[in-house]
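Here you get one chain, nothing else, as structure tokens; it is the form predicted alone.
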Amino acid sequence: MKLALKLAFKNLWGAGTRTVLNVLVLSFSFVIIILLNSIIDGWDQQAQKDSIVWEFGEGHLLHKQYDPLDSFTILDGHGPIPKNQLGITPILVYQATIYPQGRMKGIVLKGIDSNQTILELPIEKVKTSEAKFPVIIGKRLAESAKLNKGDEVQIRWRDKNGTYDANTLTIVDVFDSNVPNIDNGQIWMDIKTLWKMTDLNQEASFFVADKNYKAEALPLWRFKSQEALLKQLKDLINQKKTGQAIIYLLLMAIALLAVFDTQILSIFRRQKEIGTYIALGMTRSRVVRLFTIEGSMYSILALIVGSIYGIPFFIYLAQVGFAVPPADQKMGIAIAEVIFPLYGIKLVVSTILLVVISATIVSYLPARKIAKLNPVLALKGKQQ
């Protein structure tokens, strides 16, 4: 084995430019695979964390007639708050219309306890305001409605009996969140204020649970776990992973094709050498192993070269992150302005194994031809 490694390294060193090109292409594929997957894993972890602390908590207890994805269920999707339920914060959802700068814009009013600590919403800021209807909004609504902190905006709504009413809201804070589901077209206020506006006293559309909540069967309510709430996000990220897998598989295919062609050419040009090995008593299987090791060493060298320029790049990216274009931040999914890659041991090890095993396989395939070579004709340099 030691002799085979020495011969393989000597042959690769003698190949010169071919070896350099194959190693560079393989190392580039190695770095790109880790880079793309680490960015997706970083986004996955970041998006899940933000969604939990800003929107999902430990789960939602929803009214059976309320569907967060169907705005037509808002009117009837609420009910009395169940008694003796610990570890949940009620949220009432209601439709209204605002008139910023004389324009009409439909919005969703969301009332939540201003003393809640489950979500990171800065709803506690409405308690210190002297305004009659203090509210907070997200940066996306502030941008689309051209509203800023301290602005006042007219609002019109209907109470539970269908009677229209109107008043003026005061924007006491504009929060910055990576989760658009709590921002786009939504205005947050204290739930007690919303109860007075709508006459829906002690009613809620859903509840956000904390770690102390124990799910139980309730007549008008259904519990949706944190895992179920995150499923849509996970499915989307898995789709992204599948799409990016096509990119690095193409890169791997190009790199492995170069190794395969190099091995074919090497066997064709070195028939005298192969015939000499066999004539000197080396078995055909050992010659096949020699060329297979030679091809697999491309991957080993690629890992070394890739580490030389890849590791500093990965460290730098882990510190500054990967900037997300503003257009991508408006897709309606939880995504931060900067994504920090996540380099897991599983990702690095699996990528190394993928590159090494793939290079070994494509090196073995052309090397099988050696088993059929006639050593006499090979020594003469004639084609078989």
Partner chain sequence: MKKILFVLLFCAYFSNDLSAQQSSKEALEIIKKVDKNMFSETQIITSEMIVYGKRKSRTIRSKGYSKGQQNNFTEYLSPEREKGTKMLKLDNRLWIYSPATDRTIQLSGHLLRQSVMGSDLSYEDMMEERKLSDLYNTKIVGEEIYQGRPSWIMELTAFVDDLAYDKRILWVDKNRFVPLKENLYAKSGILLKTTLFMNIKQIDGRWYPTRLNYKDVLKDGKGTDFVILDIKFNPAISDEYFSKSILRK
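On a predicted model such as this, the values are computed, not experimentally measured, just so you know. Numbering follows the first chain given and starts at 1. Think of the rigid core as the biggest set of C-alphas that the two forms share within 1.5 Å after superposition.
The form predicted in complex with its partner chain exists for this protein as well; it is not shown, and the discussion that follows is about that form.
Stretch-level contact check against its partner chain in the predicted bound form with heavy atoms at 4.5 Å: of 172-180, 159-167, 202-210, 79-87, the positive one is 159-167. When contacts are judged by a 4.5 Å heavy atom cut-off, Leu75 counts as touching its partner chain in the predicted bound form. Contact annotation: Gln154 falls within 4.5 Å of its partner chain in the predicted bound form, judged by heavy atom distances. Using a 4.5 Å cutoff between non-hydrogen atoms, Met104 counts as a contact of its partner chain in the predicted bound form.
Its partner chain is not shown here, and in the predicted bound form it never comes within 4.5 Å of any heavy atom of Phe223. The rigid-core alignment places the CA of Ala166 2 Å or more apart between this form and the one not shown.
Core-superposed comparison between this form and the one not shown: the CA of Leu147 stays below a 2 Å shift. Once you line up the core between this form and the one not shown, the Cα of Ile182 stays within less than 2 Å of where it was.
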